[in-house]
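There is one chain below, alone, in structure tokens, taken in the form predicted alone.
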Amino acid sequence: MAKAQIRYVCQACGDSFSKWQGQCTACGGWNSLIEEVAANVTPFSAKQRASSGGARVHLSDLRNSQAPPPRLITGIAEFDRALGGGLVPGSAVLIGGDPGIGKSTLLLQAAAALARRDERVVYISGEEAADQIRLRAVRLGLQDSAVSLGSATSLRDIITTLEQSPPPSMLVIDSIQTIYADQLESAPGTVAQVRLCAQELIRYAKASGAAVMLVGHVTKDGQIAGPRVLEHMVDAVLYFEGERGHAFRILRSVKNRFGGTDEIGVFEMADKGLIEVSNPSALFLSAREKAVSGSVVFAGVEGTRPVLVEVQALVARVNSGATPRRAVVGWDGGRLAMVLAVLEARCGLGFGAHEVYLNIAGGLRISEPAADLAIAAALVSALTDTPLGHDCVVFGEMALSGQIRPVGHTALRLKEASKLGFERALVPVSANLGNADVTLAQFKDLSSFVDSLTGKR
């Protein structure tokens, strides 16, 4: 009998090595290599060809007119919005987020909402006992929902239980890192275990038509733990974001085979669980009372939804010889360095002797380039101690040359600003401005924009 081959697999990137080493040379992670036993390859199995002995696969073309199955509407509008309009039967959805952010609470609320619509829902927890889930349901006021609860970590037990009863409309696995398959000798949560367990659950979803929700742990960097192949295996990936000090929670879609990406659902954490926020712009701007220097309202777009959020900047002079700090919350620190460099090189503003602090109010994270101009306006306003105005919104992309480029969904941004009572907008020169009732000030380059803010124009 051939000797089993031992390999060491990186838990961060999935690359394998023949010997253990402290650092993974593929991704640079330290102490991430775990020993695994590879499949035993015999001389007989090595001679077999994959071109014989298989079953014929039925092929069809794009002209198949079969209508897709209707989506499962949970009734939680923000949850359905992030999914692209509801759960697709037979789909696999991966949802990740920091510990305690509210993943289990959200899924329990969605499961209870479906159960109240006479849909069969199964909730399998590998981290909590069924009694613990019932206690949470009592706190959330969901104890009257007919959700089937189970506590198990064995993949074989879970699949056997599911196949001996009618398939549910929704299956929740909390979490995929706690489930293990006894075919493998590695511990739960390793690359091989996560991959195999997810593959079997996805196979069950496709065969039975159940919508499977997989909860995934995240690393300290905010990425779902395990190899990125897990994100490629599922149909949709949702991230539950939010700061511990804020009550707001953002459910963001980063992958969706059945809908648009970068769609968000906004929730507020309360005593009775997560509450939907139908108008996030008004919520994020509710604390603004008067115009102050360094405060600018950015008109952004998350997926198909316009969101207005406050950008706050603080610029403080440091003592000579000290290294100035650059602190960012809710935005990319590398892009802040680029905006500061362009302001210094193209507009002659000096930030080298100042500490710069930037914050996106409300705990929202912004990634679109359209925020460049709002960030620049907040920095200039803080540096010169010049308030921008309480009735003004700003958006636009900034190039390294100092030019201000137009962005998409301009009419949608202006319409949202007009609906919330804003009267002015500082925007790039664009042809698609719509017919919003807002006074526009258009700029082609950053120099004229800064001159307008500082009163030189």
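One rule holds for the numbers: they count along the sequence shown, beginning at 1. Source: prediction; values computed, not measured.
The following text describes the form predicted in complex with a small molecule, which does not appear among the structures shown.
- request: May I ask you to state whether Ser104 is within 4.5 Å of the small molecule in the predicted complex, using heavy atom distances?
  value: Result yes; Ser104 sits at the interface with the small molecule in the predicted complex.
Heavy atom to heavy atom, is Asp98 within 4.5 Å of the small molecule in the predicted complex? Asp98: yes, in contact with the small molecule in the predicted complex.
_Although the partner isn't part of this model, could you tell me whether Ala270 comes within 4.5 Å of the small molecule in the predicted complex, counting any heavy atom of the residue?_
Yes.
query = Does the 4.5 Å heavy atom contact test between Arg117 and the small molecule in the predicted complex come out positive?
reply = Residue-level check for Arg117: no, no contact with the small molecule.
* Asked: Among 272-280, 314-322, 254-262, 149-157, which stretch has residues with heavy atoms no more than 4.5 Å from the small molecule in the predicted complex?
  -> Checking each option against the 4.5 Å cut-off leaves 272-280.
Tell me, which of Leu140, Leu285, Val218, Val328 has a heavy atom within 4.5 angstroms of the small molecule in the predicted complex?
Looking at Leu140, Leu285, Val218, Val328 one by one, just Leu140 meets the 4.5 Å heavy-atom criterion.
Practice problem: Could you work out which of Arg365, Arg71, Arg346, Arg136 is the residue within 4.5 angstroms of the small molecule in the predicted complex, going by heavy atoms? | Solution: By the 4.5 Å criterion, the partner-contacting residue is Arg136.
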